[in-house]
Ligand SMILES: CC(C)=CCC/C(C)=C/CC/C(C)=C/COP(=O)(O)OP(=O)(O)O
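Let's start with one chain on its own, the form predicted on its own, as structure tokens.
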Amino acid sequence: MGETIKHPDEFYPLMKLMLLAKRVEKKTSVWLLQPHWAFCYATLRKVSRSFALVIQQLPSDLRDVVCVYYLVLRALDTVGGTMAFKVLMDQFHHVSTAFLELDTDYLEVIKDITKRMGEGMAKFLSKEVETIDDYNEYCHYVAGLCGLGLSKLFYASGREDLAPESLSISMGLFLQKISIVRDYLEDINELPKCRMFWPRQIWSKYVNKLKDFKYEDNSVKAVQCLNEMVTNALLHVEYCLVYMYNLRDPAIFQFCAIPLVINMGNLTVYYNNVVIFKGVVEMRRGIDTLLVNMHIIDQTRTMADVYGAFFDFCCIMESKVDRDDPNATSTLKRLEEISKTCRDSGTLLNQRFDVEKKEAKVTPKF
């Protein structure tokens, strides 16, 4: 509340977000009368802070499906989890009960994606991410397949045409690569053994060991490597925009657009930001809520909104590029290509929302 007092302009959107959450809760009240669905939605909110709200805004015929899909894949990705994740594993029978109530077409999609994802993740238990090809393959298994599964669920619902696999997978790769960039310190400090998802082909240009980026003496090299990782993630943006352009159902469009725009905003904060190596960089919570509510939930309803948001973030990232950075040329080229796609849409407004003055915050992981 103290931060909100310092920024009174955020009070109204915060209240709107609370009211939105209440409306969403009412939508699912019928399902909550059944213990297995009550468990699913309660657990969803605990294991996913932001995604839960987005899922619960989907049409009723897809809301339960995507909720179960998310929990199944979250359980697959959880080994020895604690707190809400341990509860999910210990009481997974509730998810199984809900799963078996879904239509056959949905069941087949979820089973297929879970099987393929599990096999891929198992492969990387004993395989390091050495090359950029390895990096893309790993992200394909842990997130690209998730994107593919969502497209198939949308198609099975009759609300969307079946999107090309390459576009569906690109959506997942973009979001996953942003998470990998963000989680450097958490992953490198993982016990009993660090997790290394940044590809050696990239980081070995700058240091001898990936953990060396933690040390102050390597700050310049760390930021240069970070910028190359961000530039690599930007390779998927135009495919994501094509995917979004082809969606026709408003609720599904917004379901996909909200995390896409939020993550592009986060990537803009991460770029050229050394505190990635000291803590998790996030938009200040109030500002993040402001963006989510005012400019994403309220205003990200059309493709014009998405183009506008991406154009704004590209402009901000471009202003942060250090011309002495070894990746500057590549980064600027990527940003210009994305900006051109947005401009060529013919939908940009003369005035875009002002995110340039928004603050960033480091949330230490101790």
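Note that residue numbering follows the sequence shown and begins at 1. The structure presented is a predicted model; accordingly, all values stated were derived computationally and were not measured.
The following text describes the form predicted together with this ligand, which does not appear among the structures shown.
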Check your understanding: So which stretch, 187 to 195, 123 to 131, 92 to 100, 169 to 177, is the one near this ligand in the predicted bound form (non-hydrogen atoms, 4.5 Å)?
Key -> 169 to 177
Check your understanding: Is there any non-hydrogen atom of Y70 lying within 4.5 Å of this ligand in the predicted bound form?
Key -> yes
Review point. Wondering, does Y106 line up within 4.5 Å of this ligand in the predicted bound form on heavy atoms?
Key: no
Check your understanding: Even though this ligand is not shown here, does G147 get within 4.5 Å of it in the predicted bound form, heavy atoms only?
Key -> yes
Practice item. Look up in the predicted bound form whether R159 has a non-hydrogen atom within 4.5 angstroms of this ligand, and give yes or no. Key: no
Revision key, fill the gap. Contact with this ligand in the predicted bound form, heavy atom within 4.5 Å, among K278, H140, R182, K221 goes to R182
Check your understanding: Between the options Q299, Q56, S48, N327, which residue brings a heavy atom to within 4.5 Å of this ligand in the predicted bound form?
Key -> S48
